[in-house]
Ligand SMILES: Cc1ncc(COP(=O)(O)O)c(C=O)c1O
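So this first bit is one chain, no partners, the form predicted on its own, shown in structure tokens.
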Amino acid sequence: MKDGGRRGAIRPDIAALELSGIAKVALEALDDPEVVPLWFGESDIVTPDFIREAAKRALDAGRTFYSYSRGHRPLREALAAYHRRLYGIELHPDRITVPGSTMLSVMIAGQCVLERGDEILLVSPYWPNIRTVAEILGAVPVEVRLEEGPERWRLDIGKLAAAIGPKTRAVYVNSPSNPTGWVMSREEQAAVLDLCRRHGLALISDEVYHRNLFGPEDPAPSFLELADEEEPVFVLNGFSKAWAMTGWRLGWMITPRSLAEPMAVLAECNNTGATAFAQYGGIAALTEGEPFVRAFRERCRRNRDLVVERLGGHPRVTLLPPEGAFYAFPRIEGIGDGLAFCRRAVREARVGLAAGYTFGAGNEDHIRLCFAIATERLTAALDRLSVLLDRL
């Protein structure tokens, strides 16, 4: 077979996939100890002892076999109790699935609602993997950008409604937001859900930063408080962000009750279920983790204030204070090519950043930085960035 024949056997959607603007920068200096890594969405805190010990006990007890693809019953029961405590709602066990990572739940939700040629509205700036999921499935992402300012990012419901066309099948929204730190109000959520109901659209709500907030509210508003159990609403969540468990690849999804059996099949075909012993770490996080969640939130709140003061005070920088998650998404005057600037930041300032273009159109002058790391390291990174900005 000639080379052209081999290439022709691969779907063009797959052959055209590229690394995100996060990975393109990070791969240049991923293992360089001199670089302060602000490019990925994680802290430098090792998963707390009580979570690791629970997983080790499960491992020592021989919890190494296949389990139900939608998750161990004890974990799903713990998730039901967690939602009852947090939101005052009762979730039927058939609505809860733990397929593996939260990223996997994004893919499964996409598989449920998108066919080739369908359109999905992405509230932008957005986490880049959702766009890739749409492209892998052959769907067309349509961006609806948040309004930038004057005091916060905000969603224009009229713009979202105007973007709906005959091929629109779903809306994706992430709140608290990666990368902007925007947090949807309950009024905004009600308006989006009403729009989906009127147009018969599915709603994919990524709520993985639901405990990472800087105001008095905890948790962030959830569509679970508004949607009926049989509506085509997929609420995605996970353990990575609130409990410092990024490497565990453990997340959950809440789906219509009638999809219990299809969820089991999709989880089985995508991943055969979450890692058995890791699920017991998840139970410990849910039942014993509140002190850690609160302490980590306070750490990020202090770091947020530091970034707003130090970086937001630079004359070249416009920064809307993040309301949640643990990212800053500043606009930097005059950089033009965000990817080139981030590569320069790695080489000259030894700071790892993510290029704004990867989070959607209109963000070429933006960068994203994660401020969840230790304050001392963050301060050093901000010092270096200030020097670089002064040289521009």
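The structure displayed is predicted, hence computed values, not measured ones. Counting begins at 1, following the sequence as shown.
The following text describes the form predicted together with the ligand, which does not appear among the structures shown.
Stretch 207-215 is the contacting one of 264-272, 279-287, 224-232, 207-215, since its residues have non-hydrogen atoms within 4.5 Å of the ligand in the predicted complex. Residue in contact with the ligand in the predicted complex (any heavy atom within 4.5 Å), chosen from Met103, Cys112, Ala202, Ala134: Met103. A heavy atom within 4.5 Å of the ligand in the predicted complex is found for one listed residue only; from Ser124, Asn303, Ser240, Gln189, this is Ser240. Contact annotation: Phe329 falls outside 4.5 Å of the ligand in the predicted complex, judged by heavy atom distances. Contact annotation: Arg299 falls outside 4.5 Å of the ligand in the predicted complex, judged by heavy atom distances. Although the partner is absent here, Trp182 sits far enough away that none of its heavy atoms falls within 4.5 Å of the ligand in the predicted complex. Proximity of Thr255 to the ligand in the predicted complex falls outside the 4.5 Å heavy atom cutoff. Taken together, Tyr172, Asn178 and Arg249 are fully in contact with the ligand in the predicted complex: each brings a heavy atom within 4.5 Å.
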